[in-house]
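This document opens with one chain alone, in structure tokens, the form predicted on its own.
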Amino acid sequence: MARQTARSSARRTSKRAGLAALLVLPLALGACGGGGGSASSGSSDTLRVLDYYNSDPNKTLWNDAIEACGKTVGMKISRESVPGESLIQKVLQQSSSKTLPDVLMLDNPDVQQIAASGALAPLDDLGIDSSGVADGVLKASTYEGKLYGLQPVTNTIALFYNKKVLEAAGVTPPTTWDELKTASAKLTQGEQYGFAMSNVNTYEGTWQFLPFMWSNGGDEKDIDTPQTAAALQLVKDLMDSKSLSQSSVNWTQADVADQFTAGKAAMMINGPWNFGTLDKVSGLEYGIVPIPVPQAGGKTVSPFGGEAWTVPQTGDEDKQKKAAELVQCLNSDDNEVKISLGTGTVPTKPALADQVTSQNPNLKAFADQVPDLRARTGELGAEWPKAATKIYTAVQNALVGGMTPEDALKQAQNG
């Protein structure tokens, strides 16, 4: 499963340690990126690859895929994996020394910012075929109408529930907001809360709130709307009724998982990167369903994580073509299925979902969401971090700041 991939993406979503660097990246890369191009270093028969898959299972799975694709395209591979928090700094250093790699992996919310710097080659111009990939996933790697990254696998969040606890209480997994409130109240007993999610004041809190906001028609361009207010009112109602712990304003997703595994939460919002942790808990039987929607029959619209493979502007057109062939190979149907099963992610091509979920049913709730996944940077691009900050600020002010959802959202929107 995707322990590293999903966790890395989600945590980068929340911490974004390289944000400051990203904000200045366009100037830094633009000086030697798209303008005149930077010289690619290394032998003409070798592709240099940079990523942050530095621990298993991702390290080995991706290494095998990259090496196999290297043979397919007739090139040797020189691969470097760095810690996730070091990737952007590494790219800056390589840009300065004109030694950008031939193939660069990026966390999907970063692709547009790097593309805006001129450091990446448009994949459309290199003959990349992106057919079959979910529109929302492609949107995250598209800048000014050009595709700059291709993402083979992804992850998102869903509603986990304790099968034994729900069965004992006579509760079926909720599918609507009303059902969520009713089920959560019934499941709240003694030290056990019915429902848990992260409402922390970081991008991680925003990441968890987005499915409620987006599924109700809320939009990050303007959060001061009745749709987003209703989503925030739902979370506030759950907390006011004591079905959701007030401590959730300090919980990360890992803390939420701890509450669930300790039996202190009957249901939780979380991602597939927790499978390993949950499966180690003796006697714990859990199920997973999409996050409840406002009305029956509605669609859950969730954000997604995962990384995209890009081709930097190295100035060596022949190697850029070979790099594009490697990226295409990494995104082949066979590799999407193999990587998904090995890392606990799901394919970005919805048509491949059955091949994965038939072998790992726990992934179905995540795979079913792929056609409707929405990119965090899809509408605002580089402005997304500002919107994300407004969202988690409003959530905190409504849950523990004494403000109504409407006032909290209005204040956050207007700064």
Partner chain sequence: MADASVGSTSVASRTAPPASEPAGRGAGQKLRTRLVEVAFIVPAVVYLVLFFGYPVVKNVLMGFQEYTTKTFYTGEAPWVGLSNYSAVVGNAIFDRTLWNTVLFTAGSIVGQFALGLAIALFFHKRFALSGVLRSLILLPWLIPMIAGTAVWRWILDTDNGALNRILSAIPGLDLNPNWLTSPQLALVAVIGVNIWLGIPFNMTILYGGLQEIPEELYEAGALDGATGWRAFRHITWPMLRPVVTVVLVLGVVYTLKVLDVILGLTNGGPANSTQTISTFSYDMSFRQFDFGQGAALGNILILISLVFAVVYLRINRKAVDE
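By rigid core we mean the largest C-alpha set that fits within 1.5 Å across both forms. Residue numbers count along the first chain shown, from 1. In this text the structure is predicted, and so the values were computed from the model without any measurement.
Keep in mind that the form predicted in complex with its partner chain is not shown, yet the notes after this line are about it.
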Full three-residue contact with its partner chain in the predicted complex, heavy atom 4.5 Å, for S95, S117 and N201 | yes
Just one of 43-51, 65-73, 353-361, 382-390 has heavy atoms within 4.5 Å of its partner chain in the predicted complex; which?
-> 382-390
Among S86, Q295, T172, Q246, which has at least one heavy atom within 4.5 Å of its partner chain in the predicted complex?
-> Q246
Which one of D224, D255, E179, D316 is close to its partner chain in the predicted complex, taking close to mean a heavy atom within 4.5 Å?
-> D255
Verify the contact flag for Q113: yes if a non-hydrogen atom of it lies within 4.5 Å of a non-hydrogen atom of its partner chain in the predicted complex, no if not.
-> yes
With the cut-off set at 4.5 Å between non-hydrogen atoms, does K236 touch its partner chain in the predicted complex?
-> no
A323 within 4.5 Å of its partner chain in the predicted complex, heavy atoms = no
Indicate whether its partner chain has at least one heavy atom within 4.5 Å of a heavy atom of S241 in the predicted complex.
-> no
What residues of 392-412, in sequence order, lie within 4.5 Å of its partner chain in the predicted complex by heavy atom?
-> Y392, T393, Q396, N397, V400, G401
Once the two forms are fit on the core, has A257 moved its CA by at least 2 Å between this form and the one not shown?
-> no
Is the C-alpha displacement of L180 equal to or greater than 2 Å between this form and the one not shown once the rigid core has been superposed?
-> no
